[in-house]
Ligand code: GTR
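Next comes just one chain, in structure tokens: the form predicted on its own.
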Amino acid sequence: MKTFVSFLATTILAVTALASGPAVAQQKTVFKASDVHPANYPTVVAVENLGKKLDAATNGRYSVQMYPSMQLGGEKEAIEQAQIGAIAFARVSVGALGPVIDDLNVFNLPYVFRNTTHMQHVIDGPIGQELLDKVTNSGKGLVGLCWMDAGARNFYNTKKPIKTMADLKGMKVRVMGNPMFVEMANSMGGNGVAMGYDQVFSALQTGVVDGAENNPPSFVFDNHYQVAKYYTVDEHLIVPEMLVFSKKAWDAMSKEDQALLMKFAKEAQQEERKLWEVYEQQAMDKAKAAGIQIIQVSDADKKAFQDAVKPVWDKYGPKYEATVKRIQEVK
């Protein structure tokens, strides 16, 4: 948080001119990229590799400088910085992007996907491309480059095992800053607390919240497991993430360079998925080794969770009805 305020005063383009003669100069542009996750996280690695490819393909005209671990603030700040051109790349959850571009909220409906494989088939197909285009054509200063896997989100807490909805009752649960998620947690009997990701660890530590919800790698590798000892696998949200690009930076690129960037982004989407599968397994293994109690919600109890979020669907679902129908038809 502290770093990004002064950082906003800087420009997106770290440009130097290399002159081989008085009339010949090559501009070098360093694109700044932000991620809330630490170094070696799948999304971080995928964007760094995209940068290496871009550097090689443009003979160093374009390169990417990654700022992981929330160095430039949380996801909300990253979106805002990309919008004004202070950074180029922002890897953000659709949960954080939904309030900016409403069409994306269809993916934020609880239990909209049957499982992660179903979600992958949706984002790899026409629906996924249409939603990327919606971002690009939204007039919000962003270009939708590609999707990234983030697994399924599950509840974890510092108090007790959550096996049924009754266990969640009255628990203060951190959710992403999207009204849909607050209402989802409330409909399940908890108290949803919207909060930036960068504040979650200290909030768990100090008891500001009793729990949160996220995928296994975020839970483990961002050290939330050190204070929250109960992890409940209920898969209430399978929210993909998106790599967005500053429209200001995009408009400054040639059509050829734009096409190159888009090509490498599509490759990053598939690369991150492979990295994710390995990383998620490592996270679960580490959690078990650390003595975290992992609770698998039964199908019967999961049905109760699904039924409980009906008010969220009743309120937010109708406007996405056509897209939801298409999502459900994807095999």
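Note that this is a predicted model, so its numbers are computed, not measured. We number the residues from 1 along the sequence you see.
Only in words, not in the display: the form predicted in complex with ligand GTR, which the text now covers.
> Which one of Asn108, Ser246, Asn214, Asn157 is close to ligand GTR in the predicted complex, taking close to mean a heavy atom within 4.5 Å?
Replying inline: When ligand GTR is considered in the predicted complex, the option within 4.5 Å is Asn214.
> Using a 4.5 Å cut on heavy atoms, which of Arg273, Lys53, His37, Lys28 is close to ligand GTR in the predicted complex?
Replying inline: The residue in contact is His37.
> Thinking of ligand GTR in the predicted complex, which stretch from 82-90, 202-210, 123-131, 168-176 has heavy atoms inside 4.5 Å of it?
Replying inline: It is the stretch 168-176.
> in the predicted complex, does each residue in the set Glu183, His236 and Trp313 place a non-hydrogen atom within 4.5 angstroms of ligand GTR?
Replying inline: No, because Glu183, His236 and Trp313 lack any heavy atom that approaches ligand GTR to within 4.5 Å in the predicted complex.
>> Residue-level question: is Ser218 within 4.5 Å of ligand GTR in the predicted complex, judged on heavy atoms?
In response: Within the cut-off, so yes.
> Going by a heavy atom distance of 4.5 Å, is Tyr197 a contact of ligand GTR in the predicted complex?
Replying inline: Contact with ligand GTR, yes.
>> in the predicted complex, is there a heavy atom of ligand GTR that lies within 4.5 Å of any heavy atom of Glu77, even though the partner is absent here?
In response: Flag for Glu77 set to no.
> Are there residues in 131-170 with a heavy atom within 4.5 Å of ligand GTR in the predicted complex, and which are they, in order?
Replying inline: Stretch hits: a single one, Arg153.
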